[in-house]
Ligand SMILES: Cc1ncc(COP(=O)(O)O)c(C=O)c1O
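Just the one chain here, the form predicted on its own, laid out as structure tokens.
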């Protein structure tokens, strides 16, 4: 079996700290430790006195209780704390793959789950959102579901489109899954990063085989804590905990403590308010930049996340464009080819506003050079 590499993560890993400006990131600009401790009212002396020991491998009681409190009807026993949402995705996919069958994978999407499944030998069917609206075609999903369907994987709010899907979407997905007894894994890591309105509805509680995963990276601005979670009822969390015992064993002691403080209700709301402030200010900057280039781009305003997916109106190799931007202007963006969308770019709107403006200026220079070389106007 040929191993499928995770091209997108390798691209970011190699270059994100080697460029002046990073517009490839899909979360908001991270907080410093000092900013988090001030916001959450943490006594720094408590950190100094923490033993650097193992914590319970599914997460300590306080953190699991605070995670459960986000989801109506959940208890700490339904929660498994993981090292980032990535580990939550891994242990769930690993467990579901053990029984064979087929997976259905929403696309476009963050590629991790599909890559894990394929590397475990599972057949994966693509369920594409409609272009260019990025609406969810539930009838098309229903046609893909068969007696061999083991699980349906969705991302809501969606990466890279920024679409949010509501209760009708959840009902349609769970009805399709329920027809054959399939599981649903909902990656909800952008929940809380909505630009307007309340939080996107969670799959939690919608279906007895629904699993919700999330974490502190995207909506909270705390990716370096590496804290995520999987939420599953009916005793399934115990199965995931057993898998996790074979992976990273436990969260970091310091991260566990800081995450518990971050998810204290008032601190959580303050973190999400910070995120929304950054996103709304920066989307206005990017939207104005796109409007000036409307003859070049098509786009749909993102509803959530520090991301905007834009499409070129003419044929462009966005992989080559992104490489030219990195090489010549020391600025990183995400080529759409890494999502199966070769004419698209995913642009991050989470950095400090001045950095976003600088990055867009550098992208403008590369676009101008590319257009002149091709004999086109900009």
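Bear in mind that the values here come from a model prediction, so they are computed numbers and not experimental data. Positions refer to the first chain, counted from 1.
From this point on, the text means the form predicted in complex with the named molecule, which you will not see here.
- With the named molecule omitted here, the record of contacts in the model of the complex names 188-196 of 203-211, 265-273, 293-301, 188-196, defined by a heavy atom within 4.5 Å.
- Of the residues 318, 26, 58, 338, just one reaches the named molecule in the model of the complex with a heavy atom at 4.5 Å or closer; this is 26.
- Scanning 85, 93, 282, 308 against the named molecule in the model of the complex with a 4.5 Å heavy atom cut-off leaves one residue, 85.
- In the model of the complex, the named molecule lies farther than 4.5 Å from every heavy atom of residue 182.
- With a 4.5 Å cutoff on heavy atoms, residue 125 does not count as touching the named molecule in the model of the complex; it lies far away.
- In the model of the complex, the named molecule sits beyond 4.5 Å of every heavy atom of residue 161.
- Contact between residue 110 and the named molecule in the model of the complex is found at the 4.5 Å heavy atom cutoff.
- Residues from 208-245 that approach the named molecule in the model of the complex with a non-hydrogen atom closer than or equal to 4.5 Å are 217, 218, 226, in the order they occur in the chain.
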